[in-house]
Ligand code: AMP
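Only one chain is shown below, in structure tokens, and it's the form predicted alone.
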Amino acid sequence: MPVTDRYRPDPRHADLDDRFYDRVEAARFPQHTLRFRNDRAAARVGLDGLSDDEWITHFGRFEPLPDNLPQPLALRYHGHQFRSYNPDLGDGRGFLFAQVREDGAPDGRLLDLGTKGSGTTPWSRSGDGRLTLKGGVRELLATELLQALGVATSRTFSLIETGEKLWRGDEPSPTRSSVLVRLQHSHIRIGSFQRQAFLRDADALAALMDHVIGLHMPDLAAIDDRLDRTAAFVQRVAENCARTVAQWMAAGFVHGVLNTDNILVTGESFDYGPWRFLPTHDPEFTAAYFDHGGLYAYGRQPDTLMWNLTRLAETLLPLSNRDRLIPALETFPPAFSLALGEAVTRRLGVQPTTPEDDDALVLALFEAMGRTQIPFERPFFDWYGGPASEFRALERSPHAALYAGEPFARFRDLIAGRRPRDGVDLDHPYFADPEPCTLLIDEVEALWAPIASADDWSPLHAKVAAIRRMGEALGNG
């Protein structure tokens, strides 16, 4: 197998014992048609040299990668689903396939290759363990756009059509099947800790926390006192989650299913089901058709993450105490505020200043967007670079009259003194486009339609290229 010298296997999840996972076998699929391979992501882990046949061997048939996990691991966890506790969860249609070190990263950080749609496991709960092809396409699109917008997200590594007919209640059926592979920093969730707390296994809680710290937060390992180390761990997870939810808010992204089993302790965004991008700024916008009460609406996402983090802290009471854990949790709101200022100023391509001034800029922008109902992505496109783009916004944009009006007056005043961020390139051809690159639900359906009707993948590939071009323009390539 032509792995490069950049391929560095490091299957560390196996350091844990079978309290945390089950060894499983992948499904045998009737066909393997490669629909997407992410060579940009593969280059990060030394797997870009695989031929398509070799790619399918490892990411469709799941023959082990060299010196990696000899058998896939279906991870065990519990979780609150729409705030109802479910002790019957776990990887029901996915598994951890391999772990590798990132090439070129200063710390050579550990990355997981995990699956979606790879077959049944002990946690499938009467499901078929499969993923629809449309579901795979939707996740591919979500991860590509989120990466381009600078959101900490999993990457869609591979998508292979598998030749089965699936029956689903939320899609026209029978529908086509697929198996997806993700690349991300961890698969350990808040729900992973909830399971061990439910089982009253304090030793397992400590082992899992120390495992995460050793791999993803090594600076915390120097804290000798167990109570303090646990509090520091909760604080770090809170900071990780604050960063990512702030990036969602700046991107106008609604995850849709923010259950505790979908929240990684590394904070990285993953597992995209009924996601949406906002058409316009609307705090009550929901992504999931079954979220009738708007629990996971766009504007409630920060509060939801705080609620989920509180559940994490509860699980760790056997290792610490309330006097230490409550202050750790209370770091989330200010961390979120700082992260939102950073995310919005980054999306606008301007330098951050003081937290107070950044907060004021964010508030002024979102208030103006809400009052005018301007398309969500448009101000970030028209005003990218701040005053350096004032002519584009106030003269060339089709929304120039809105920008010149009273709702945007406060925003105009606050952005007037901002300098462009280092590296902002307003000469990139993307900024001469008549419209920003977007991915609203109607666009997703329009990309799926030719695949469903004529097996025509060219619009999808063109869209991925357009998204990556935007990411390059924004410095997130």
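On a predicted model such as this, the values are computed, not experimentally measured, just so you know. From 1 onward, residues are counted along the sequence shown.
Same protein, other form: the form predicted together with adenosine monophosphate, not shown, and the subject of what follows.
Comparing 87 to 95, 390 to 398, 321 to 329, 171 to 179 against adenosine monophosphate in the model of the complex, the single stretch with non-hydrogen atoms within 4.5 angstroms of it is 87 to 95. Put simply, residue 375 is far from adenosine monophosphate in the model of the complex: not one heavy atom of it is within 4.5 Å. Although the partner is absent from this view, residue 262 contacts adenosine monophosphate in the model of the complex, with a non-hydrogen atom inside 4.5 angstroms. Although the partner is absent here, residue 298 sits far enough away that none of its heavy atoms falls within 4.5 Å of adenosine monophosphate in the model of the complex.
Though the partner is left out of this view, residue 256 does not reach within 4.5 Å of adenosine monophosphate in the model of the complex, counting heavy atoms only.
Exactly one listed residue, out of 267, 385, 129, 352, brings a non-hydrogen atom to within 4.5 Å of adenosine monophosphate in the model of the complex: 129.
77 is the sole member of 381, 77, 248, 275 with a non-hydrogen atom within 4.5 Å of adenosine monophosphate in the model of the complex.
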